[in-house]
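Given as structure tokens, the chain that follows is alone and in the form predicted alone.
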């Protein structure tokens, strides 16, 4: 039996167990007495990992954009024509998968027969099966999906913003790739990527629910085989990424009734320390609440002037590979909103944030963090996201508590500068460009 490590936050009243399985896989078991259990089997492999080699190899392998997403689709198809979803139907589990810029994850939730479903998960993800015929069929399916997203306003808005902000960073790459790039994918390159990145030493298994460690280890023993000990070297070619945005504007026209916009704030100040990255992420969440929530001057003035709809979204993404803030809504005049945003930030920088607003926002973010531990799904997904970034979700409450007024005030002055701002707009078809 593997050595079991306990991590506990007594103040929070939460704990998890972890162990390194004999095959090389890191396993995390988060016990929760809840009716729904959740499992997530993930690899540190996403859209940005399109240039790589193994230690000892002289040349890098460059693969077509979208291959991580393509591989995710193909993994559900098993040898003999069986689909993994058919297997899950027998256990009553609800299954899915997703690919992001930096990871691919396979998951399921269940209220019964958890260990049987876990066996299905580990089995199909560790047994790839591709042929040229099935790859060609999938190219047509994913090609249709790409065209669908090309017509999706939210997807185009996000794509436009990332490509405006970044010149070299591979966040510019569309996760699904392009119709042209996926046409270059064949079975051989899929196996190459699979054997490189679906190595168990590059993966993690997180389970959360009314589950026992010994039961999870037993399934791992039954299904998994030892992975070769190999080092993956990834080339991102973004060393020359400028601090300022690449372009100030990205615009397109789609079938929308009113223009939608996203203002991005590029951030190149990324710490090498995972705890400092977590601290900055939560501090920016606090600052965003102060600046842009429905109780803020920004929201209320724009809403009263009929410049934005009722919904205004804001979020901060911060990992070791990229960092940016984003504010989005719909407006008949996005440029007026942008002008107001620039003037508002300057005014707030001169005036400074209010201490009472800071304390209220900090309590809000702290409460949201605590509440996330009431969901097995949130726990598993947050654990994997933080593990791949080198952080630990049980540290989050203490890190939020450590954030002070001065730190958040400093972020207001350092994060928000006009050279860091870009805006993406999706206009109605035929709208005259201003």
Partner chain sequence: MISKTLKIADGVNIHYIRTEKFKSNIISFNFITQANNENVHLNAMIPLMLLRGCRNYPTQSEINKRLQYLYSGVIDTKNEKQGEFQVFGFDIDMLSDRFSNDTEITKESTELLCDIIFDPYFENGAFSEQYLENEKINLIDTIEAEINNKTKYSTSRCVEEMSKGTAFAVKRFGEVENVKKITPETLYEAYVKALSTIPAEIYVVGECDFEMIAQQFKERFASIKRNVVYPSFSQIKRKAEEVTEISEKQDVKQGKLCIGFRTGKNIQDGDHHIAQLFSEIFGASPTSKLFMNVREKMSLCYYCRSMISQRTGIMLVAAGIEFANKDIAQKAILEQLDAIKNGDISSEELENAKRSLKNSYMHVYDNPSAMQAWTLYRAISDNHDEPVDEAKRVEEATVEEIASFAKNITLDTVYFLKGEDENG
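Remember, predicted model here, so these are calculated numbers, not experimental data. Positions refer to the first chain, counted from 1.
The protein also exists as the form predicted in complex with the partner chain; that form is not presented, and the subsequent description refers to it.
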{"property": "The partner chain in the predicted bound form reached by all of 313, 325 and 417, non-hydrogen atom within 4.5 Å", "result": "no"}
{"property": "Among the candidates 244, 221, 275, 145, the residue which, in the predicted bound form, approaches the partner chain to within 4.5 Å (heavy atoms)", "result": "145"}
{"property": "Heavy atom within 4.5 Å of the partner chain in the predicted bound form - the one residue of 180, 188, 226, 86 that qualifies", "result": "86"}
{"property": "is_contact(residue 192, the partner chain) in the predicted bound form, heavy atom dist at most 4.5 Å", "result": "no"}
{"property": "Any non-hydrogen atom of residue 5 within 4.5 angstroms of the partner chain in the predicted bound form", "result": "no"}
{"property": "4.5 Å heavy atom contact, residue 429 to the partner chain in the predicted bound form", "result": "yes"}
{"property": "Proximity of residue 11 to the partner chain in the predicted bound form, heavy atoms at 4.5 Å", "result": "yes"}
{"property": "One stretch from 119 to 127, 166 to 174, 212 to 220, 254 to 262 that, in the predicted bound form, holds residues within 4.5 Å of the partner chain by heavy atom", "result": "254 to 262"}
{"property": "Sequence-ordered residues of 343 to 365 touching the partner chain in the predicted bound form, heavy atom within 4.5 Å", "result": "357, 360, 361, 363, 364"}
